[in-house]
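Before any questions on how it binds or moves, here is one chain, the form predicted on its own, in structure tokens.
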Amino acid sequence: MPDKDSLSRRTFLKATGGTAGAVAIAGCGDSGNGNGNGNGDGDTPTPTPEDEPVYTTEAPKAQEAWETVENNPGPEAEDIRTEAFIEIEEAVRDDMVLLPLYHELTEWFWYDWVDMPKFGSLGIHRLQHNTTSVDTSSDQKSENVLVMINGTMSTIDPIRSDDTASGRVIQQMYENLVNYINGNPEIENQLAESIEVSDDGLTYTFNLKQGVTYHEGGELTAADVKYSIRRLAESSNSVRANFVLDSGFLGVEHETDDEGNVVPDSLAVEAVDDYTLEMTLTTPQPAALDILAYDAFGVMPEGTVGDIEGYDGEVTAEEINNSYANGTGPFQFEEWSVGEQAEVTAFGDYHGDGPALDGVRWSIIEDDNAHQTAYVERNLDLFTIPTSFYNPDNVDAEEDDQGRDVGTYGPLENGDTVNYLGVPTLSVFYVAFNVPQVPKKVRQSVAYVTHHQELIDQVFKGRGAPAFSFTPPGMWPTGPDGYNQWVDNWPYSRNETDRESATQALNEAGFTADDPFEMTLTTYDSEVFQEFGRLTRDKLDGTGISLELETAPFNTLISRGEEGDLEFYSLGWIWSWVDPAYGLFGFEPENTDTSIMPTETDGYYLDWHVGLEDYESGDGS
């Protein structure tokens, strides 16, 4: 879930578009491949080393599959969507545009003076700390403020947020009609008192809680909710307008202009009265309430920002992005120093339970050594442990009725034993490629040498499960048996370091040990991903790939990805609701166009769309 600030438009792809396009066209003509076997390799000709490498593509299959998902949203079309989800996974796998590495076991640790709810499989970023408390009578804790670690945040504006670091803070300040309370995968009302759905499944009527006040004063009304949803759909600052407008997501009824843009105030979202909101969809969407739980649907007072038609705004878009918040949550904004810390303070008129704390402070730390120093010196109450300092033998835990490991961890380097919670989250961590910049045979060769189980055991110290699909096993469209079959059919020498197949593939593409393909793996500041890089570099040495490694701060990596300036990179994805579509939408090739990110497309940084128009026109078949 990365986010985006206001970023310069990408220039790289535009500069190289002619070359990329030509390459893609060559691939279309040679192996597009239309044989219906779901594997673009089958008819790939073998070029001579002197030839331009052939770039086969499964992008048309992925594009068609996603459009199938969008065009078949109702509950009666579940089987059709299931088939399409698997076709997307097949296209990703066969083109190897993204290599899943592991599904995470999220582990958090906290000192005894902290008492907090245990979060569920949707992650700690869903945990609202209104009932968390700290024992200030402890010798080690003097202030009633929870101090925890966070990654680099990108925004405090709900409509710009799509990363977990920002979401952790936004969850404390803004609230939604519904939410996954404490990250448990069951929708509960939050600002809605009750919800009615019409017999045809199209119209949702939300009856709001009364007497809910904002941090800056004033009572929550249905007009505020309408404004917040309009802003998400219409503002040029929004990075998730598709969640409101597109079929496959909410698909709220609306009008579009001649250029396909939503007509201002045409959404079928109406404030019937102060406490009643009505929303009408174009087609039934079983996941409608799940989607409304996403951070971007956080509610603020009508007219807060003037970035949609009809409002001048009380604050600027820049202020709402980084220095002002006004929600109904248990905590109100105090400060955010980019790259250093963020802090919220208790809201005394909160409508729900709590808050028990005077505030929550996040120390933003990405360096592993600084991270370790902070928790060993007891400067963090609630924290993670970098894998480089983690010892699996220190875990003493038992599984609870929700499949979470609950117990203790220790001793730390300071001799302390702390509380431990391990939660298998709906997540996937991966490496991915900018498709026009990295030939398919090169991408596949990386997959051939990747030994997933070795990676989990040796690099990640057992903190997760091997991933052979983007969709986690617990959400696999055809269930556990279908997932097991999928794993059995993994075509890249599963759990082996297969240098022979990698070398053969590279030689077919014209790359040799003496004349290798040169590329750079960019990871965020993570020792484990750097270790993955070193391991992969060594395994590829002499096969026909020369791999360079570099690190980049998280926000820099995101910015470069959006500009198409990453050849090979590491990132992760955590599901915000239990639906394969939320995750697979990022593979729609047309949605991977980095030249118009982040506002017009919000897929993964793949540029998988290049050459797609040739298929659509029939020239590439």
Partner chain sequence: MSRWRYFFKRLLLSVPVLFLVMTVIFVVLRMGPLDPVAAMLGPGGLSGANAEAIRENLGLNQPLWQQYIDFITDLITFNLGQSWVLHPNRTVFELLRAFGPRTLWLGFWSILLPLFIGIPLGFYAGMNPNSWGDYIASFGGIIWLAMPNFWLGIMLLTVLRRTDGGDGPLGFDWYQFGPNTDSLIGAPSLDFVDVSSWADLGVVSLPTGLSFEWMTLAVAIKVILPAAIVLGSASMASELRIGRTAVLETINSNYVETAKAKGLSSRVIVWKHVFRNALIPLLPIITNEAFLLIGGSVIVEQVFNINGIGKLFFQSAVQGDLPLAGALIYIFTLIIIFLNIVQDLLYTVLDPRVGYDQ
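Positions refer to the first chain, counted from 1. Rigid core here is just the name for the largest C-alpha set that superposes within 1.5 Å across the two forms. Owing to the predicted nature of the structure, the values given are computational and were not obtained by experimental measurement.
Omitted here: the form predicted together with its partner chain. The next part is about that form.
Just one of 551, 387, 322, 501 comes within 4.5 Å of its partner chain in the predicted bound form, counting any heavy atom, and that one is 322. With the partner removed from view, the residue among 112, 496, 541, 340 that has a non-hydrogen atom within 4.5 Å of its partner chain in the predicted bound form turns out to be 340. In short, of 419-427, 330-338, 195-203, 221-229 it is 330-338 that has heavy atoms within 4.5 Å of its partner chain in the predicted bound form. Contact annotation for residue 397: none of its heavy atoms lies within 4.5 Å of its partner chain in the predicted bound form. Within this chain, residue 562 lines the site of its partner chain in the predicted bound form, having a heavy atom no more than 4.5 Å away. At least one heavy atom of residue 366 is located within 4.5 Å of its partner chain in the predicted bound form.
Of the heavy atoms in residue 184, none are within 4.5 Å of its partner chain in the predicted bound form. For the three marked residues, 153, 160 and 372, a heavy atom of each sits within 4.5 Å of its partner chain in the predicted bound form.
Applying a 4.5 Å heavy atom cutoff to its partner chain in the predicted bound form picks out 598, 599 from 572-601, in order along the sequence. Once both forms are fitted on their rigid core, the CA atom of residue 430 lies 2 Å or more apart between the shown form and the other one. After superposing the rigid core, the C-alpha of residue 585 moves by 2 Å or more between the shown form and the other one.
Core-superposed comparison between the shown form and the other one: the Cα of residue 387 travels less than 2 Å.
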